[in-house]
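What follows is a single chain, given as structure tokens, in the form predicted alone.
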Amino acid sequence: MTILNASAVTPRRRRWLREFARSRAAWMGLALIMPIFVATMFADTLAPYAPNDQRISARLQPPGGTVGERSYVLGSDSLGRDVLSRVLHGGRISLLVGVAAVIVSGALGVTLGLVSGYFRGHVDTVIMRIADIQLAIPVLILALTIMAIFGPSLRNVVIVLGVTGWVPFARIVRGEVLSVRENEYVLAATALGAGHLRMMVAHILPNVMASVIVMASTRLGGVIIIEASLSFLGLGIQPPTPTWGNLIADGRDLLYTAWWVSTFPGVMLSLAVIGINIIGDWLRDTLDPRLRGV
């Protein structure tokens, strides 16, 4: 009977570290996302001013502008708030919402995918038909509809993005489970009297986690974009709480007179998503044996 154990995991982790050290793409993605992640997580320390501190006398200062003792490195918005401070604090909210939503959708999708692939039959049919129905509705349209009904808030954004994003996780886990459940060690565990819950959690789930990690990394960038879209449209996190989406919306009418209000949060959003996607591609190439020719 072949069962994954700690002695098999350690060499695998070492191989991943070696491949990461040799991958230029992985280092490029890390170089993009890590400075943004660190800067946003420590926004309270790094931001020069409070994100909602208004100075009307300093409104629409260009990047590098100075009013009195205050210097605005990335300029100020129409209410005299420092753009750099708002970009850092807004990035923290956007990244945390993205990670939290992926965790919610991953937990829901992995659970339903495990149940669907393990039990098959009518259970599989019901879960997959629900997934098909949800796939027929564009995610952004579904999220907009739910947010319009329940109202915009930080909690609702996380719940909506989590609930609308479970289908890809469920489908990929179901496919992996249908394959893994026929392996010898699963059949042997069944013969030894292992219960359904133990079979799914202890023997099947560890063998599909690589696909889950790849899916989570590739979904994270898209979820951040959707959150920014909701905030841009006014149905996401509401002002005065800054997020990259509503910061871009704040400057959409000022593009010709104060381009920096929208440009800098837009650049940060783009760099973060590009970095996350590059790392996601590296994880897919590394963890998927079919792409590695194994």
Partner chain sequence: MIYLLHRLAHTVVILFGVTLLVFILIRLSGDPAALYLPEGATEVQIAALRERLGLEQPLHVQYGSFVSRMVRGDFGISLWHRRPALDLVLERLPATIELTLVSLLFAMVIAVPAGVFSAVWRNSAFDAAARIVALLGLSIPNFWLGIMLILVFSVNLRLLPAFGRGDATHLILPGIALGSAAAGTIMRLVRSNVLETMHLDYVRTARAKGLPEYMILSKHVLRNSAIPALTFTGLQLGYLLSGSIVTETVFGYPGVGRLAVQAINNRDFAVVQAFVAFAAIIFALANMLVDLLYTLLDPRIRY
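Numbering follows the first chain given and starts at 1. Just so you know, these numbers come straight off a predicted model, no measurement behind them.
The form predicted in complex with its partner chain exists for this protein as well; it is not shown, and the discussion that follows is about that form.
Comment: its partner chain is not present in this chain, but in the predicted bound form one of 123, 135, 210, 159 has a heavy atom within 4.5 Å of it, namely 135. With the partner omitted here, the residue from 154, 142, 103, 188 that has a non-hydrogen atom within 4.5 angstroms of its partner chain in the predicted bound form is 142. The candidate spot formed by 41, 49 and 70 is out of contact with its partner chain in the predicted bound form: none of the three has a heavy atom within 4.5 Å. Partner contacts here mean any heavy atom within 4.5 Å of its partner chain in the predicted bound form, and among 107-115, 74-82, 87-95, 142-150 they occur only in 142-150.
Taking the partner from the other structure, its partner chain in the predicted bound form has no heavy atom within 4.5 Å of any heavy atom of residue 286. Its partner chain in the predicted bound form comes within 4.5 Å of a heavy atom belonging to residue 266. At least one heavy atom of residue 270 is located within 4.5 Å of its partner chain in the predicted bound form.
In the predicted bound form, its partner chain sits beyond 4.5 Å of every heavy atom of residue 241. Along 255-279, residues 255, 256, 259, 262, 263, 266, 267, 269, 270, 273, 274, 277, 278 each place a heavy atom within 4.5 Å of its partner chain in the predicted bound form.
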